[in-house]
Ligand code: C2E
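Consider the single chain below, provided in structure tokens and representing the form predicted on its own.
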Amino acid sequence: MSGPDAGIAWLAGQASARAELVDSLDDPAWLVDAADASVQHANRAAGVWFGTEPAELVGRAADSLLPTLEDVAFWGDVRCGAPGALASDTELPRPGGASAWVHRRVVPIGGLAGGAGGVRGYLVVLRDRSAERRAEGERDQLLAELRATLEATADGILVTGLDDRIHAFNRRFAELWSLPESALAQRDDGAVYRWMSRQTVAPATYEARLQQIMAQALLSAVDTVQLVDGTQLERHMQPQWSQGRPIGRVFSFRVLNPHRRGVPRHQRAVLDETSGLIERGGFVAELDDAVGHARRDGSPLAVLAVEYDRDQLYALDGTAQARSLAEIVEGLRALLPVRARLARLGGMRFGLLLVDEGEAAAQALSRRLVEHARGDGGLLATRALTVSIGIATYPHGGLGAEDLLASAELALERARLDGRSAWRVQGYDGGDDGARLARLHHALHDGGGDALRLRYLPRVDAATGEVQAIEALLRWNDGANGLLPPSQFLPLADKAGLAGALDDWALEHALQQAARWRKAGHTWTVNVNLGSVQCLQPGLARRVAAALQAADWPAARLELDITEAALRHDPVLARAQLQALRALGVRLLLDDFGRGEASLNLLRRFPLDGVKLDRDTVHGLARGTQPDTGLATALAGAARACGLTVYAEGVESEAQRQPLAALGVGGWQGFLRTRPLDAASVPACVATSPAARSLR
């Protein structure tokens, strides 16, 4: 009830009735003397709350009833003659070991003997919010499950209200519509709708159809949308209902031609109405014709994939964004040779076909495009755009139209890793590596499917054997060679510019799996490897934060393993990236410590939480020779001197585990505990492992 607010003035002038007022309150309440901060009176509800008679509370120090730091500080100020008020939510212990969430309010009043400054005493009232807190937790759990469901589906999902405001969309939706990362955070509805319209081949037709849909709250329909990148989307529209009335709409988008590079060849080039250029399908058809001519007469041929920074352009308002796109197209046309062909491949990506021109001409054109993007050419109203360019030439970059364009786009991805305007040339390996690269690229394009998998390896406390963390290990089933460890495909992925995408996939899926374990009652810290490419890519912390949010996983329960190579390649950038990750609350470990030069400067310069002793160092320690033992002791000692926790990896025998205690190792992992497990096997293995039982 609202007695504390309504009765304070009356209570100040009616001291004789103060106890009756406090007793009339439904919530636990008591009066405190301002002179010595002791309890003067408590109601029955307060006695029930503390599990005693109200009279037993009288005379006790106020900060002994609610022993939180906030209360101790408040009553300390009161004893020093500094009056005040207090109102906040906190978790309090209850008799029997239970706890409750309460709203605690302390209000200064008059009417009690003693005190100073007109404040005679204080009224303290508790309101139990445990039920509300549980309801909020259940609601958050439902929302987390909804987010997980949205992210788990292979379709792009968009949820809107009847007022057309966007309520939610999943990452698959953003991927299909080439939305930049900034769109995931800003959620500017108008900007999203405008961006979507400009990704379609016929924006006017698309917008007219969308207006028809939005005008009918109960409409259920299915139609198709053609994007400029060659994707054909099947769009399903359903009303969203709540308590018997429509409250919004749910759109789902499914790709009708999942292998976009193999879309049926158009009889004529289809124009993208926004830019006036042919779209991807028409470009592939023209490229196919050009490859045929080059094959017959031996003339050179070059393909460029050019992409302008989507985040920079998305940040512009609708008019400026449209003007910038038009200026980009105008600039590209002005810079191209007369016989060159230009297409819009999707988003802010363009395709350039140079006939009778080779790699030298393609690189010269790339240099002019970079200068133009910086504003040096005087055509762009928007200055200093970042542009990434990939180059592929016939026949070195591929023997067919699809291979050439794929090679150019792979080179573009490599150029993007620089974080600044750059171009790269992509070669083609017609042997086994070329085929494996195509399969790996296809696996990533399909979201992993059954080809990309995670295996899990627990790390245990060196003293108790309890699980500290679960490391996620990436595996690839390439079809021809079975399930491969990273050492057998990451060099290929790195060469093709796919390593960063593989790291992103592993992080997102590991966090989603951790959330499923938590739902089943198992909460473990997740450990994920971060490659050198990721550490040098701008926006790393933003991508990690997005993955954490999508999985509803706390940053403090995520560890990222960093390699020495990543720190040495660009120390300034790496330090900035790690500091941003630390600001999120993520723990950072230096992986394979001892394999490289193991400079002490690395431990002091970078914001790390721990190190993992390399497998060879651990195995050498078990041999017991002076060089091996001395090296391991020195490495562990240096790490501990820098305030870092030391872990060991690759522990395969008791002889390797036992010396770890002398090094001050906090935890270890390896085949002695278990071999890498699939997700379903982790809970049972953690509970029943003989190694765990023997160490407890």
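All residue numbers are counted from 1 along the displayed sequence. Predicted model only: the values in this text are computed from it and were never measured.
Just so you know, the form predicted in complex with this ligand exists too; it's not on screen, but the next bit is about it.
None of 411-419, 290-298, 512-520, 464-472 except one has non-hydrogen atoms within 4.5 angstroms of this ligand in the predicted bound form; the exception is 464-472. This ligand in the predicted bound form is approached by residue 592, whose closest heavy atom lies within 4.5 angstroms of it. Residue 683 falls outside the set of residues with a heavy atom inside 4.5 Å of this ligand in the predicted bound form. Put simply, residue 529 is close to this ligand in the predicted bound form: some heavy atom of it is within 4.5 Å. With a 4.5 Å cutoff on heavy atoms, residue 582 does not count as touching this ligand in the predicted bound form; it lies far away.
Among the residues 192, 574, 401, 506, the one placing a heavy atom within 4.5 Å of this ligand in the predicted bound form is 506. Think of it this way: in the predicted bound form, this ligand has a heavy atom of just one of 457, 566, 332, 277 within 4.5 Å, and the residue is 457. Taking a 4.5 Å heavy atom cutoff to this ligand in the predicted bound form, the contacting residues in 647-667 are 649, 650, 651, 652.
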